[in-house]
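First comes one chain, alone, set out as structure tokens in the form predicted on its own.
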Amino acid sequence: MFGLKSDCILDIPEEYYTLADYESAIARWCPGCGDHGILTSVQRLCSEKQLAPENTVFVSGIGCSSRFPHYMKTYGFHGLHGRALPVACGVKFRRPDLHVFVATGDGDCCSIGTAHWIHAIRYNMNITVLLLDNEIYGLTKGQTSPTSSKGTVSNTNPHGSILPPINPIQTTLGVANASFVAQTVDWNPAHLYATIEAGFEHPGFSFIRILQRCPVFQKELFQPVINNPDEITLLTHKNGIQIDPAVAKMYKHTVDHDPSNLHEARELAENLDRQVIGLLYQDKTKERYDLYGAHNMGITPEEKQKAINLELDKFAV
């Protein structure tokens, strides 16, 4: 008999999180800043994956990008310059059940935070890292950053930068135990979201470099590739970043790159003729240090005290 209550039972979750559940303070980035689009993509990801805010953590250092935790209604840690990754690793090591994200910038990650960056790659903890790279120090008003192109005019190099920049993708691919390396752009929302989603789903350290517009100190930096998508190479593969074919048609130059091929990934990263977007490398089998730290989770306070006392007894005279 139709119409009975038993015919209308739906499996409704006890709590459903909408975008509003992840929106905190109004973002204070400049109008036109690429960070706004990145924030929207991350909030959408949290909602679509139904990440409980109380089980989600955003960690940052110092810089425009590092204001990210203020704009997420989750747990957040706005740390010291260059120190986002050791904090995030500490959180993940002792709380492997949490979803941990890092928002960092080209100065925060690739300058003062370089040593932490290198070792975080090697530790391969299950953390999603977003490098918001605008190739300039924006928060401190326009100084040359480690990723600034040669010839960049800035407050610290009024006659143009004389040194070649660090290539974050090339650097990450050169570190032992790297497991997920991708690149995307802030002005293509579909590819941006798909890349962040793939990084979040990866079981390990996901390093995503996002080419990010700065409308104040680097107004023209990415304008050529925005105006002409032919200046970008799109990586396509069944195991890579999946986007709608209509979006993929924007790009004339495509490469069917297998992300398991580390040698080819390094060659693509070294090619400076065109910017490359997509998944350069992925290996889900790499060792993860956070799994090592999870072996003693759940022990009681009494067990912890007993273990401490056993260690202290070793020094008894």
Partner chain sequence: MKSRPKPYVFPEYCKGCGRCIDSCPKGCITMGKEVNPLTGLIPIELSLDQCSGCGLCISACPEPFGLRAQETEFEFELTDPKSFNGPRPKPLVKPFAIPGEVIPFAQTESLVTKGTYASAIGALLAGCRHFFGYPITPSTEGAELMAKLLPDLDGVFIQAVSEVATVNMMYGCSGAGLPCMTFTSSPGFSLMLEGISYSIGAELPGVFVNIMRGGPGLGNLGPEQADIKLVCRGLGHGNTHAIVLAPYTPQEMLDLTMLAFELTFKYRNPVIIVGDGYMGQMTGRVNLPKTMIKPGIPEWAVYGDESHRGNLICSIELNEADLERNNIHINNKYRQMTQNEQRADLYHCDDAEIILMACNTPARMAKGAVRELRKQGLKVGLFRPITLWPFPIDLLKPILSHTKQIITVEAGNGQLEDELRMALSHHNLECPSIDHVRRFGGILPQLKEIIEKVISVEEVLA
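Here the structure is a predicted model, which is why all the values come from computation and not from measurement. Positions refer to the first chain, counted from 1.
As for the form predicted together with the partner chain, it is not shown, yet the points below apply to it.
Only one listed stretch (109-117, 122-130, 84-92, 185-193) carries heavy atoms within 4.5 Å of the partner chain in the model of the complex, and that stretch is 109-117.
Among 223, 177, 242, 156, the residue placing a heavy atom within 4.5 Å of the partner chain in the model of the complex is 156.
Put simply, of 233, 74, 144, 218 only one has a heavy atom within 4.5 Å of the partner chain in the model of the complex, and it is 144. At the 4.5 Å threshold, heavy atoms of residue 62 reach the partner chain in the model of the complex. Taking the partner from elsewhere, residue 149 is found to have every heavy atom lying beyond 4.5 Å of the partner chain in the model of the complex. Using a 4.5 angstroms threshold between heavy atoms, residue 202 stays clear of the partner chain in the model of the complex. In the model of the complex, no heavy atom of residue 101 sits within 4.5 Å of the partner chain.
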